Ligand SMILES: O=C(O)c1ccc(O)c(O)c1
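We begin with a single chain expressed as structure tokens, specifically the form predicted on its own.
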């Protein structure tokens, strides 16, 4: 059931996939820099000095100096990027293509005039034993998969929660009620630390502005700096990615008919950093988060936004991708973040719907497939314009064992509180059988099904 990449065996062909893109990121960015006339002039004047400005590996660097396109492509380059280097040297596309074939320029030109290279003998289907790859989608999970999806964690990601931690206000009466709901989780997190968290969140007009609004974004980079959202960056560690695993996920999910946007370089805002702080504590900029993180950003800012059913199906595709991993053994968690009910704009700003929020939590636990039938207008009408963030939670829930015919998960912790600044806070930890919580059973029972807290009387730090 391993991930199939049949294109790797096509004779004389290197396909530019997410893995290649990760390897060749800086090489391709170097090539793109040559779209500016002033950079082309500097490059031609002193190529070694220009290359010193880019973190290329030694093989990539020498290939650029030698104008060796085959090696550049093997090292992650893509011909459309690399053509900028060729153009800087005054080469045409025909000259560049011909240079990779072992033919002289004249012989290559004559071949093209004669009708081009024939496909016979240079196709995958011409190889002995070739069979087309299967297109069937798995409906069950393999028990021996190296990557185990152990637990799902769900939480609101209110920016003011991050500010309260950063400013040392967590013990103030207004905020203590919020943070008390995460004490169980912090203990659990120390005893159940995964290797990687796939963190589903929504960007808040930070990494993506009005010029580009991708629906589903998978971060395939090695590191994600903390964004400045107008108040300065939060004083927390930058986020370390897992490019190899992310590239694998991208390959599988896109083959599973989801059109992801792959991003090697982006900043991350409170939607991602606040959940990390809630679970792993108040870490400083010189420390490190205890897990690698793969960001999965969902557009819920500009309509049309993906439906709950679409997010649920993305969760299933994500789980199939996790299950196909054949690398090192991994403990994987998926976090769904955002919401709960809140509205930040217009005369209805401040809307909170405790009854609806807790009904959502009930359905998320017991009937996630039924929850996918709730339309957008249900979220907006009942949970506020920003309550639509809750569709993100269905990605983590759709990936769990019981949605593939396996055992039901355990609900290890449940918490709900109003308010945190402008927002209702919801929080769940749900585990697949392989990830049953190791925190004391009595602690878990005490937290499950906790009644909704009454709104705090004090609003002194609502703008924190």
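Numbering follows the first chain given and starts at 1. The structure displayed is predicted, hence computed values, not measured ones.
Keep in mind the form predicted together with the named molecule is missing from the figure; the text below concerns it.
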When the named molecule is placed as it is in the predicted bound form, which of 66-74, 32-40, 421-429, 404-412 ends up with heavy atoms within 4.5 Å of it? 421-429
Picking from 148, 316, 292, 204, the single residue whose non-hydrogen atoms come within 4.5 angstroms of the named molecule in the predicted bound form is 204
Go through 222, 344, 127, 107 and name the one with a heavy atom inside 4.5 Å of the named molecule in the predicted bound form. 344
Test of understanding: in the predicted bound form, would residue 159 fall inside 4.5 Å of the named molecule by heavy atoms? yes
Looking at the partner-bound form in the predicted bound form, is residue 392 within 4.5 Å of the named molecule by any heavy atom? no
Contact of residue 270 with the named molecule in the predicted bound form (heavy atom, 4.5 Å): yes
